[in-house]
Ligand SMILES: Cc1cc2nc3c(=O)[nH]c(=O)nc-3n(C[C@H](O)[C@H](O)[C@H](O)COP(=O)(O)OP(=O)(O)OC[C@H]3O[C@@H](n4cnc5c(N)ncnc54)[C@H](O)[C@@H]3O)c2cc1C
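Take a look at this single chain in C-alpha cells; it is the form predicted alone.
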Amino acid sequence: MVSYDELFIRKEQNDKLFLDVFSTLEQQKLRAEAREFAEKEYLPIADKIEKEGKFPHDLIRKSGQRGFWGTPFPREYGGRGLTTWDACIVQEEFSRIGAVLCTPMAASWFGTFPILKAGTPEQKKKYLTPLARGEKIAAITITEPNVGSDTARMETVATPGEGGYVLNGKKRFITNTGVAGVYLVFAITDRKVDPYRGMSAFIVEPEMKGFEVEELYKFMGWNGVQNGVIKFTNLRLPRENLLGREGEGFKILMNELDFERTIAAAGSVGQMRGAFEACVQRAERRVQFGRPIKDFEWVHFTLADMAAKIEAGSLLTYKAARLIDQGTQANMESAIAKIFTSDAAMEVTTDAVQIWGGDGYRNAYPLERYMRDAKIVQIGGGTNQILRMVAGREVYRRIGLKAPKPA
C-alpha cells in the first residue's frame, strides 16, 4: 500500500494552494468531512478494490450511513437538504482518491434526481427516502444497443394497457447494474408522435418479473464499479410507476442531464487534483542528476499547467452548479464544464504518468488508474463531441438566432 505522504499534500497545504473564495464555512466543513472519510475509509482499500474488481458494498454502506448519498436531497426525505454545489464538493473529494466510491454514488443521484423533480408525494416517500439515506442504490437507464447520443430514437417500448404498461427492451452501459434497488427507465409509449413527445419515464424494481441482468461489463478502468446490460421482457408496470405524465420522459431526461454533467465535471476536477498532488510530491522527492526533478523546466511548467486546468475546471463546474441551484437553465454551462474538465483530466493524468516515469505506468501506484478512469468521463453523459454541438447551438439560441443544424 502506497503511503498517504507519497501521494497527497496535507489539507492545510492544499487549502493554501487552491484558495476557496466562494464556499461558505459550512461548505468548507463539508469538504473537510468528505476528504476525511475518503482518506480514512477508501484510501486504505483502494488498491485491494482495484486488484479484485469487486463492488465495495461495505464502503458504499458506510458512506450512506454518514449521509453523503443524501447530500443534494431534502431533509424531509432523509437527505441533508443541501445543494448541487455541495454535491459537487463531495464528488470532487471522493474522486480525488478514485472512481469506485464516487461513481456509484453519482449514478445513484442521477437516478434519484428525476424522482425528486417529477415524482408524486407517494413516489418520493416510497423511493426517495431510502435512496437519500443510502439504504438503496439507484440507476438511470438511457443508452441502448442501437442508441447512444441520439436518445430520442430509443427502442425500448412501454406499451399502455389495462392498469399500466408492458415494458420490453434492452439498456446497456448502466452503472450500478445488479446492485441498484431502483432503476429509472426511459421508454417510448407512443410511436405515432414525435419521439420527443412520445417518451415516458418509469420507476422499475429489479424484483419485478421480466427484469434481467443480462451481462456485466469489464472496462479498462472503473474496476469495482458494476456496469452492464439490463433486459426487460414483458415486464408489467403498474400505472403508479409512471414518473411524471405520459409523454414527459424527454423533458425529464433533459432536466436531469444538466445535473449529471455538472456532477461528472466535479469528478474530473477531483481526478486532476489527486494526480496533481501526487506529482507535487514526486517532483519534490525524486532526485535525478543531483537535484529534484521539480527543478527541470518541463516538470516545473507541467505542474503550472496542471494547476491552471484544475482552477479553470473548478470555476466552470461550480458556476454550472450555482445556476442549477438558482433554478436557471444550465445546459450550455454544464456541457462546457464537462467538456473542459474531462478533456483536461485526460491531459493532467497522462502528464502525471509521465512525471512519475516508469513508476507511473506500474499498477503499484494509482497514476495509471487515474488515467484509465479519466477517459470514461469524455464519453458518458453525452460524448464531448455531442456536447460541443449542444453548447454551440445554445450560443445561437440565447442571442435569438437560428441554431446550426447538426450534420
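Residue positions are given as counts along the sequence shown, with the first one as 1. Since the model is a prediction, treat every value here as computed from it, not as a measurement.
The following text describes the form predicted together with the named molecule, which does not appear among the structures shown.
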Problem - Per-stretch contact check against the named molecule in the model of the complex, the hit in 237-245, 138-146, 206-214, 309-317 (non-hydrogen atom, 4.5 angstroms) - result: 138-146
Exercise for the section: Mark Gly381 yes when one of its heavy atoms lies within 4.5 Å of a heavy atom of the named molecule in the model of the complex, and no otherwise. Expected result: yes
Exercise for the section: Consider Ala391 of the chain shown here, and say whether it contacts the named molecule in the model of the complex, taking contact as heavy atoms within 4.5 Å. Expected result: no
Practice task
Look up in the model of the complex whether Ile339 has a non-hydrogen atom within 4.5 angstroms of the named molecule, and give yes or no.
Solution key: no
Problem - the named molecule contact at Arg172 in the model of the complex, heavy atom, 4.5 Å - result: yes
Handout entry: 4.5 Å heavy atom contact with the named molecule in the model of the complex for all of Trp222, Asn227 and Gln385
Key = yes
Exercise for the section: Check each of Leu59, Leu43, Ala34, Ile376 and return the one that places a heavy atom within 4.5 angstroms of the named molecule in the model of the complex. Expected result: Ile376
Problem - Residues of 191-215 having any heavy atom within 4.5 Å of the named molecule in the model of the complex, listed in sequence order - result: none
